[in-house]
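Coming up is one lone chain in structure tokens, specifically the form predicted alone.
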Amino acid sequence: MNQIKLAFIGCGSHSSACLQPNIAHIPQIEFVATCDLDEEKARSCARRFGALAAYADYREMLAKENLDAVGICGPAQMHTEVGIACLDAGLHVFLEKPHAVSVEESARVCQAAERNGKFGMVATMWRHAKAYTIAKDLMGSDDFGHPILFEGYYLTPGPRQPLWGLDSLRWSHLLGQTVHPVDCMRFLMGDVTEVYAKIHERSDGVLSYAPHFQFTSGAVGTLCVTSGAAAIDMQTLVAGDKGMAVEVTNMIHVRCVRSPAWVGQGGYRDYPTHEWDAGSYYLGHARHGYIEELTHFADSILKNEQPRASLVDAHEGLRICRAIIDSDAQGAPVTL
């Protein structure tokens, strides 16, 4: 098998703007069908992106089509319920984030994948962007050593009201936005053992929080997040114990601080940097990471390997997000 047979359930704005347009550029995928409660949306996506059929009922689609996997993109609760149904139907699943609205619901999805022997992947696409895979490769070099420090910030313009019928604005923002840097942080640094966080919430819905982390390795880190920014902006820095550091900005620029090559004036040593930029040409649609995550999902199924950003990875991300809220409420560190 050199292709997977894929269908997409959910043809809303994100699915039709950021995910389905990339499928035509991925030879490992045969785009079989689209599905949406609004059948005209399903037909429109099928026409535009090359799917062979369109449905308004995903159960009918599963019964009629010979599929290997489905992509699911809609409200968070849909990701959980439809995802479990598709896993129980014997299909691998690609779930848009958040894949669940609670740690407990996340566990249900993990259990469904395990009992059916199928793979699940959640669309935390940062770790799949080329800039972050370069950073991870650099961290694996002898010059880097072991990671000892993580620092990140993530500026977002919202949400400023609860989503998906939830009561908590804090939890909505963590589920909808902060899962991205948290997942990427675990990709770079490994598992988190302790979280200590403070949250500031204003009456206009603007949130700011600054969790501190300790990792299994003993390394430490911090992440500063706000929903009060004018636009999305992000940066990640990881330092190694041999003096090398790697910085990623907006998923398109990598800056690496390496060992000094000369002694500068003024009594200090100047540290040269090596830099990589994605440039103006990019094959995929929308942000970096969308085409890469779908390609990785297809490759993993073809190789019969668990994909990165797995359901277990996503579950751990939700546990960390929950610990951020619990730590602020308790005024104390939370152990994971």
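Computed from a prediction, not measured in an experiment: that's the story for all the values here. Residue numbers run from 1 along the displayed sequence.
What comes next is about the form predicted in complex with a small molecule, which does not appear here.
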Region of this chain that lies against the small molecule in the predicted complex, out of 22-30, 62-70, 296-304, 282-290 [heavy atom, 4.5 Å]: 282-290
Can you tell me if residue 125 lies within 4.5 angstroms of the small molecule in the predicted complex, counting non-hydrogen atoms only? yes
In the predicted complex, residue 9 touching the small molecule (heavy atom, 4.5 Å): yes
In the predicted complex, is there a heavy atom of the small molecule that lies within 4.5 Å of any heavy atom of residue 98, even though the partner is absent here? yes
Please determine whether residue 82 contacts the small molecule in the predicted complex, using a 4.5 Å cut-off between heavy atoms. yes
Of 158, 240, 181, 74, which one comes within 4.5 Å of the small molecule in the predicted complex, counting heavy atoms only? 74
Heavy atom within 4.5 Å of the small molecule in the predicted complex: which of 244, 78, 219, 169? 78
